[in-house]
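Only one chain is shown below, in structure tokens, and it's the form predicted alone.
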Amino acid sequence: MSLMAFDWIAKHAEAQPDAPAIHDLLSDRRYTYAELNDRVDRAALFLYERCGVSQGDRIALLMHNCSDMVELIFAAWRIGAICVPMNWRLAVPEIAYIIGDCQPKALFHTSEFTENAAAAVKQYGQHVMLVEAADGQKCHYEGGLRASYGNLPEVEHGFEDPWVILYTSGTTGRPKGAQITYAMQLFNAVNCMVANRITPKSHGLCVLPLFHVGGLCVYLSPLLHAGGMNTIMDQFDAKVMLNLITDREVGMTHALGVPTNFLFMSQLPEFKDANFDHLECVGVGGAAPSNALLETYARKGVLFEHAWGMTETSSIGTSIPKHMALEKIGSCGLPVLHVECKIADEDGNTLPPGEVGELLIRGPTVTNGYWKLPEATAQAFLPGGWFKTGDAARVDEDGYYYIVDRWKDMYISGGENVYPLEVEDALYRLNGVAECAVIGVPDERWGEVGRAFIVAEASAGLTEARVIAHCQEQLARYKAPKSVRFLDELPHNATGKVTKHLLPRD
């Protein structure tokens, strides 16, 4: 029997029409489930009647986080189309590549991306309908919604049908479109609800970009599955986020960020007196946080529920129970309810506890493949359905997983593996280090050695010699960086993660 995917928004509009669903912080638009359902219905009609989008067609989105994005993503669901949220930081050729790859019928964009959208479509060389959205009552999208009445075609969704395509960052080669199916989203929602205690009374903050799996899948879509509320920030702002999650009157219960988000908030003067006691769940993911950051928040009573996941797993694969956050500090937790994980060698053989290998995962939240890339899909899996994550990790005797680093970030110095995350954690224990990143660079004697990039506090007076001496006190000498570069800022992607491939190797 083929299972069907049911419409979450429509179900909640029937069961709890007056319950709050969305608050768009920038525009201050607020919608109940009944209102959101009506707008999703009109958006679906607009796509179907005005844009010529039908089942299996793609629509692309180029915009900052907003309620319109949520409407369009679920409108695609309603007519069986596939939504492709795009990274708004991409250059025109990169946007054009994705358009050429997924070939959308329409590209929805906001006014700040008008030029890039038009140039990318022109560069692609084929017709794509451009629709301006999220720009007040006079934009094309709002006019389309007001004029859309009628009946939608009946569409049945198979569990394995794609709902969204999320393109990987493409730091090595061209980005790949990971297909996110209806089944993946359902099981991810269940995993999050169980692991992070999401209920219809939950109120989450969506700050990570909706073109990223962390923004769309944690906790926005699980909250909508549960019938809870989402407050949406258009972009990350440390002071605004800190105020939102600490203001009891706002009533936030769930918040997720990458380590950089929480690092920047901890450096604000307001952090000293901030109170987080009312929060039910504070999640951190996207990259492994340093122990120093975990300890900073633990002193404020915040026990981070560190989760691990990736685009291809839609999103969380492991999550640490809140009551174990201090006992297993640094761990990303146990496999969530509907997945299975293991640590393996290059041949897929399971390694014993304590040994570092590649983290493998399988289950209904794992992608069924990359868009139009059967060879890349085949290479990503081992026999038995195990997906190769590319993360170096270990598991302890109790079954708790620890991300050591990305395989590609690890470097070998004098025959010894060095994981930059461990060195970065040591650097954060040096007063005056505001942010740091470590990479391996070529060395004639040792093959590779570490180079630290540091953003220092203005009055710190840090020097290369002082930084290296500190690391040599904290770490084995082969792990200590051999050179230090001081920068005004580190390069970040749109989710806030440091983009190490942009750091100079020469």
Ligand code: ADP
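Everything numeric in this text was worked out from a predicted model, so none of it was measured. Heads up: residue numbers just count along the shown sequence, starting at 1. Just so we're on the same page, rigid core means the largest C-alpha set that superposes within 1.5 Å between forms.
Although it is not shown, the form predicted in complex with the named molecule is what the next lines describe.
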Worksheet item: Counting only non-hydrogen atoms, which stretch in 235-243, 387-395, 121-129, 290-298 is within 4.5 Å of the named molecule in the predicted complex?
Response: 387-395
Discussion item. At 4.5 Å between heavy atoms, is H306 in contact with the named molecule in the predicted complex?
Written reply: yes
Discussion item. Is N87 near the named molecule? Define near as a heavy atom within 4.5 Å, in the predicted complex.
Written reply: no
Discussion item. How about K372 - does it come within 4.5 Å of the named molecule in the predicted complex, if we only consider non-hydrogen atoms?
Written reply: no
Worksheet item: Is there a non-hydrogen atom of G257 within 4.5 angstroms of a non-hydrogen atom of the named molecule in the predicted complex?
Response: no
Worksheet item: Of these, R362, K342, R406, K322, which has a heavy atom no more than 4.5 Å from the named molecule in the predicted complex?
Response: R406
Response to the item:
With the partner omitted here, the residue among M410, V250, A183, A274 that in the predicted complex has a heavy atom within 4.5 Å of the named molecule is M410
Fill in: Core-aligned C-alpha movement of E295 between this form and the one not shown, 2 Å or more
no
Item to complete: Using a rigid core alignment, state whether the CA of Q235 is displaced by 2 Å or more between this form and the one not shown.
Response: no
Worksheet item: Given that the distance between the C-alpha atoms of N417 and T389 changes by 3 Å or more in the predicted complex, do they end up closer or farther than here?
Response: closer
Practice prompt. Indicate closer or farther: the Cα atoms of T313 and N417, in the predicted complex, relative to the displayed form, with a change of 3 Å or more.
Written response: closer
